[in-house]
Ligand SMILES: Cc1ncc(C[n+]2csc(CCOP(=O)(O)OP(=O)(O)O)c2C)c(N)n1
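Next comes just one chain, in structure tokens: the form predicted alone.
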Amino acid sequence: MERTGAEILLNTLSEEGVSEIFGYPGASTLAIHDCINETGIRHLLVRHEQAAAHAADGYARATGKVGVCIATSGPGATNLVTGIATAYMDSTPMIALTGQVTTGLLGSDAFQETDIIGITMPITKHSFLVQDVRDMASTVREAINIATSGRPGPVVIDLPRDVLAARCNDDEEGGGGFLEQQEIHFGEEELRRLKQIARLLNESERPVLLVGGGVKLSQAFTELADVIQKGNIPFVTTMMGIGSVYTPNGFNLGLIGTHGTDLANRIVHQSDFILAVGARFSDRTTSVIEEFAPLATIAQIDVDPTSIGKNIKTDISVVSDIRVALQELLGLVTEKKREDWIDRIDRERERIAKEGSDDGCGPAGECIRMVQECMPEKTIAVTDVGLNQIWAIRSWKVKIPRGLITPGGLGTMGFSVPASMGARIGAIDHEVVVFTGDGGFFMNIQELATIGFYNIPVKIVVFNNGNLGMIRQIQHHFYNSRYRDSRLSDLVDITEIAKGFGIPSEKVAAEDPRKGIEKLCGSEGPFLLEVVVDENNYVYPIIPPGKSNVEMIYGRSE
């Protein structure tokens, strides 16, 4: 059967399990849009290409499947860049389809020609320029394989207009000969190293697991929980690791690092053994490297060899699929009560609770807790960046796998609203609630039109303090309260804007949000709740550049 390149592209995506694409059409991609409905794939028209990338990202994070976005050549493709970079930093499996000028015009500075492969080379796992229609199917399959295997990430497929229009028969489709991912095998050497890690873990008196986002990517939720329960091992999480494991036994010490909890940072500092699972020890996690966990032997398990010892020198490591490694580790871990260590942690927790020093989120944090109490347990929280992100990750208690989605690596403002669209469409049996600040909300406010048009039932909470809150806090602490270029407008009526897009809305004060929260949670479709927050509702502690967790917590180095 003879098919066009566009038909081959879509049919192959469908065969690989793709059911939704988020995008925005242009002249170079119209051949795709012209036949997309015939393949059974649903295309969701966003109002800006950046939102298409974030929606595909949110879809992938909520489902564990590959997310797909599409944009036309030139500015359409370049508008995807921020979303591609966000996915790359947070290891999200994504396929970005970009239109391109005809092959004969490549390199001629034709209308809407950009070298999107060159532009995105540092922020993708791989890129393909399809120059022969016979290579279309094999390219798509290889791109999905690369995006989803090993450490996941985004892949760009650049599609010249003439290749999309060209035709070929099924028996003409070639093998392609493209890059193949090397599988990471768990062999004798990996087992030997894992036995060493298990021995160190079993012998340690004050162990801590450091849980990163790699656990979610490998879908090792159950395996990690089993290891924690069997060994009675307390754990901390990185920002990306939140939602990787839930245990009701108090072993979760919370977020570590710059914006982490007092308890998590103190216990890591006191530990004698740390096993990092799917975490790369980013600067937000460690602060000053030389003072991170000075008493601890450090081990690391990760699927990405480039993440091993990248920021913190490890004493022993295993490169492996995390799920496979944890399955093996479970049989090697000794059941131990660790009563002295658990008692020590409990005493720290009680002392911190009495001091009231471990939250630091004020009325905004209480509002988030009230929202969670009102929403069903199967609710995914999606955050933006800024104070709202820290309020949310400290206050929202994740009780389901993939229960929190946040842009940790790149810190992308404007992420939350479009990402929530993808998350809600992908995880159809979950509710989705957004926590954003007014600054990030304004960056992709146009996606209210998409939400209203498709009636996507996301719940949006906008914390409005009239400022770029985190910038204002930094200016308060480190720039002698010179609040320059951080003030937003009091003139914008966010609730009326939402209504203009066909979305019900309500405005409440952070100190008294209950009635508004009840309306938010009770709505069947989308709903926006504007929560007015005092501009001085910061989040504490904030760790200055060059200061370590130890200095901020203890006032000195120990």
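Residue indices: 1-based, along the sequence shown. Bear in mind the structure is a predicted one, so any value in this text is a computation, not a measurement.
Same protein, other form: the form predicted in complex with the ligand, not shown, and the subject of what follows.
Contact annotation: the ligand lies within 4.5 Å of heavy atoms from the stretch 385-393 in the predicted bound form, the single such stretch among 117-125, 385-393, 261-269, 199-207. Taking the partner from the other structure, the ligand in the predicted bound form has a heavy atom within 4.5 Å of a heavy atom of Gly439. For the chain shown alone, Thr148 is not a contact residue for the ligand in the predicted bound form, no non-hydrogen atom being within 4.5 angstroms. Residue contact with the ligand in the predicted bound form: Ile471 places a heavy atom within 4.5 Å of it.
Contact annotation for Gly411: at least one heavy atom lies within 4.5 Å of the ligand in the predicted bound form. Exactly one listed residue, out of Ala299, Met443, Ile144, Val324, brings a non-hydrogen atom to within 4.5 Å of the ligand in the predicted bound form: Met443.
Comment: the ligand is not present in this chain, but in the predicted bound form one of Asn252, Asn465, Gln372, Ser73 has a heavy atom within 4.5 Å of it, namely Asn465.
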